[in-house]
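Considered here are two forms of the same protein chain, supplied as structure tokens in two stand-alone entries, structure 1 and structure 2.
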Structure 1
């Protein structure tokens, strides 16, 4: 299905969201609330990155809203000098959907965590993504329940010893990227909290995307799961583990680009560049409509972070749920006269004895 053109103005990559003549700075997006996360929490970096890149959008602060659920990350709206809604556990995508449908002039963000989004909020997440609601969902993944003091989460690795799994977790964890692609989200990406440049690029692209945008952010919890992603931040280890996804470029990595992603029998494999023909190296294209390509990329590596793709996995265009809903309402208005009395006294009634 192609996108429906409702004639909304195209502004800074955002359809229908009013711009401002005022020049914003990062400090303009900082609220007067004391930021209350644990020292060293990765949430600080994400918050600062968000406040730094929002001025580049040229969007009025009153046309930006952050909706959160429950968890450490869900304090985010308090610290943004925009509109915000601290909702209930797992239900942020549902509330954000209502905002997106009713208010096309808003840029709507959902801030959530691996517990909030993938446990109690799992159904809300996948349905918002499959409907392609025009919201930007940022999932802070620290592989632990931080707010409730260290229980294992839906992304904790197997064997994880926590307060709720003293002998090790028996659960097989979700791969959030694979989950989002399985729901056919039109924009899917991953970033590290410590990579401010990469995170800014992903957030900018996600914000300018028309439709559901899902961004997984690996984020450190220094109290209950400290060092969960240290291997991706170590200078020597990161080079051979992080697989950067750059549109239009061959997927190579390593300190000297000595490794590459190649097509295997049932997906993608990792090979040494010296051992293969250069033509067999996969060239990254996130605009491929079939999600199986991006899904195959999401299966590279594993729980041990042996190989971890970062960047944009998928970026395609499809009609958004909110655009289609407004178009349907407008069509009904043109073709049908509203008659509340006829609805109330119509044939679809019954008598209770």
Structure 2
């Protein structure tokens, strides 16, 4: 087997999607359906942010599609006045793959949750990411099963007491960012539901990215897992926990920028700026091809949110599966006429008189 350089031009995530002169407003993206999430659910903020953000893309509304699986967040498409497909549990990335392959003129979003994407649909998620299909996968991580009323999820902390785990859960959780990077996703980012600005920035970059974009959104579920991310929202606490990732800038954080990310023995460590040479601070570069860099960043802190990098971990260019599939069709058409009669006839025939 030989690898073939398909010689594809480097293009943006929305290239091929028809643009519009119409100036949409957020309300143009609101459907007539009553939103039915619980009061205070983080999903509301993400929905509002999305509706406010989409007009900035300048693409035709009818060419935007939201595909979802099953779970609270997967109701999202019903509330968007675009095309939408609320599918079955865990399978949205597979359905979106077929859609993206068939239709280069669409901007395809996958809306999923921690149970949908990481448990029942884990396989489809990693394969969509490794193929680099041009879809934007937004994972609403609330670290709990909401729709089924409060069982622990693959991102719940170990020992979590829930309806299905009265003595505490036994499973070690996934770090979704690390998982996506392990699948060599070409675009990986994290945002908080409460941070409209940061979320919009990440969504903009994700949409412009050609290929799979994976965005983990920490989302509060006030009913079954309230306050899971409170430490990241508390003014005092958040400063020393949130590690903002700004391309081209040294990675520092804290209310006075007194902490920094430095190279450690295998990965990255946290150090006090005062204790180290400024040159040892890591300068963020999401375009580094080797996923180990972004992976090391994803390992800073942990499930306890002691340190939580937020922003774009990785943004690299690689041929997308759907572009490559279409390129093969194109090149086949250049060398072969689609002659159905010739196909049916083949080379080995005989005639009965």
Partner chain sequence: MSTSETTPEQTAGDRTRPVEKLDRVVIRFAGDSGDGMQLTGDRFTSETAAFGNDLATLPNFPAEIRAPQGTIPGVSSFQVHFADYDILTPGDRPDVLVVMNPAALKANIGDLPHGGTIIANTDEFTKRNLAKVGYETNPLDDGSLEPYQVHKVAMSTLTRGAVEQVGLGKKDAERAKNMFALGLLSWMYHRPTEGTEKFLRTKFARKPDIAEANILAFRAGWNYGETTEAFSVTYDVAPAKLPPGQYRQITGNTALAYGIVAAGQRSGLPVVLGSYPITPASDILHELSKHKAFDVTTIQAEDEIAGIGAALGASYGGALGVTSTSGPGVALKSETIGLAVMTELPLIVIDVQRGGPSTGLPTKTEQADLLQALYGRNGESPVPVVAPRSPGDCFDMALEAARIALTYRTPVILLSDGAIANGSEPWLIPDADKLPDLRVQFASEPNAMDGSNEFWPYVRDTETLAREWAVPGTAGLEHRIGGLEKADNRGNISYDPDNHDRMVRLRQAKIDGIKVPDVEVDDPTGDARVLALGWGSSFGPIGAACRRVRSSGMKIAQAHLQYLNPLPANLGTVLESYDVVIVPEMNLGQLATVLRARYLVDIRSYTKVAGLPFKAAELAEVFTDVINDSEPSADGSDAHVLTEAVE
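These figures come from a predicted structure and were not determined experimentally. Positions refer to the first chain, counted from 1. Whichever C-alpha set is largest while still superposing within 1.5 Å between the two forms counts as the rigid core.
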| query | finding |
| --- | --- |
| Structure number, where the criterion is the form predicted alone | 1 |
| Large Cα move at residue 22 between structure 1 and structure 2, threshold 2 Å, rigid core | no |
| For residue 338, CA displacement between structure 1 and structure 2 after the core is overlaid, in Å | 4.3 |
